[in-house]
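Just one chain is shown here, as structure tokens, and it is the form predicted alone.
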């Protein structure tokens, strides 16, 4: 199979990244970050001033850390706007693939070389905030440089710890079905319209696999991670992942959400777990070997070119007991002891502005978080119906997180593949997962 470029989920969880986050929780004790250059602003040392009072004659060199190469063109457009206002601030964009991002970040935190401004996600936020690696946005909010009411409250809350907000949401994402209309036509299967059920999804995927099996084409698959795959079906079944200090996996509803994927693979409608390990579902889709890919809105940026980009249609997730999709968003954060803090916060503030968010949305790379700027994303791919991702806000469920999300994410990654492959009964796997997860939650 042709190996297409992979679009990276904000929450993909390679094992080593999970381990790195765990190490951070145990090994760091309020060590400070550092930047690689000095601001020449007289007020840089205080770090208290927000962008509303930041001098436009700031001079500094900043590092901006992120993990998704496909978003760099949009980021560069935003930086052009920032430099029009702050011509003396040079920003070096440092892209680290997600598979290595958290490991590298942990090393940088330990060696006091964190980027001045960098991307943060929900599962890792509390670890870095609790270890005093992040600068609060309190003063920027007081100065009016950042207005938290312009962003979904669920995302503001995601980046708040003990009443203090540290991150500014730059985008949000929901999950839907990316469909290859050309494969539907080739298989002679009608493209679903409107709301549909789990059974209709399973039947549609099976029909396509059966009719195009000789060409190595499958009906449907997903990333086999929580955000894009089983959290959605767990919520659709009425289950939970975590409820306070208790796991929700040992319930009939949550087991039904896991069983959905076991059944899809068992029927032959999806590639096997091994096949999806060797070649990820998004790669199957972009190479024209998968008719339906359950994935996030961020996948849009991977479809600007390539053989399937002209035959893409977005469909809502099928409905179980209820409609549900997971919502999450990445935030821009500032390293707590950046020596360029005033310039770093000015950059954070600019990324949080309506102007910058409009630019991100127009590029189609992500759904901007700033209220009122999302329509540019929906219009960025005419005919694909990206509006489905925005409509999903009406029934979206926040991404499950806790103080040490990485600890039980590692358990999910370790145990659930046996349930998906059918190697062990779903009930047995989820019971074991729930017990171990309860222990991990009890240690938080």
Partner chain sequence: MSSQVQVPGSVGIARRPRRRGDGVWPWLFIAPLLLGIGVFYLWPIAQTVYYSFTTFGVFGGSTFSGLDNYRQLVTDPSLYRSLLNTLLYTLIVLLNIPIALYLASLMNMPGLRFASVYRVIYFLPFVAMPTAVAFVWRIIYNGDFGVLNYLLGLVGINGPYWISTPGAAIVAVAVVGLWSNLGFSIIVLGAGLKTIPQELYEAAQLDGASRWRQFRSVTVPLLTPTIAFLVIITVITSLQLFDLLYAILGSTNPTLSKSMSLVYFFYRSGFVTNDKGYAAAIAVVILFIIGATTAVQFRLQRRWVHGG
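What you are looking at is a predicted structure, and each value in this text was computed from that prediction instead of being measured. Numbering follows the first chain given and starts at 1.
Below: the form predicted together with the partner chain, not depicted.
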As a check of understanding, the residue in 376, 413, 402, 69 with any heavy atom within 4.5 Å of the partner chain in the predicted bound form should be identified as 413
Which listed residue (327, 222, 109, 258) meets the criterion of a heavy atom within 4.5 Å of the partner chain in the predicted bound form? 109
Look at the stretches 349-357, 143-151, 169-177, 272-280 and give the one with heavy atoms within 4.5 Å of the partner chain in the predicted bound form. 272-280
Site test, 97, 101 and 430 vs the partner chain in the predicted bound form, non-hydrogen atom cutoff 4.5 Å: no
Distance check, residue 86 to the partner chain in the predicted bound form, heavy atom within 4.5 Å: no
Taking heavy atoms and a 4.5 Å cut-off, does residue 406 contact the partner chain in the predicted bound form? yes
Answer yes if any heavy atom of residue 128 is within 4.5 Å of a heavy atom of the partner chain in the predicted bound form; otherwise answer no. yes
Hey, in the predicted bound form, does residue 231 get a heavy atom within 4.5 angstroms of the partner chain? no
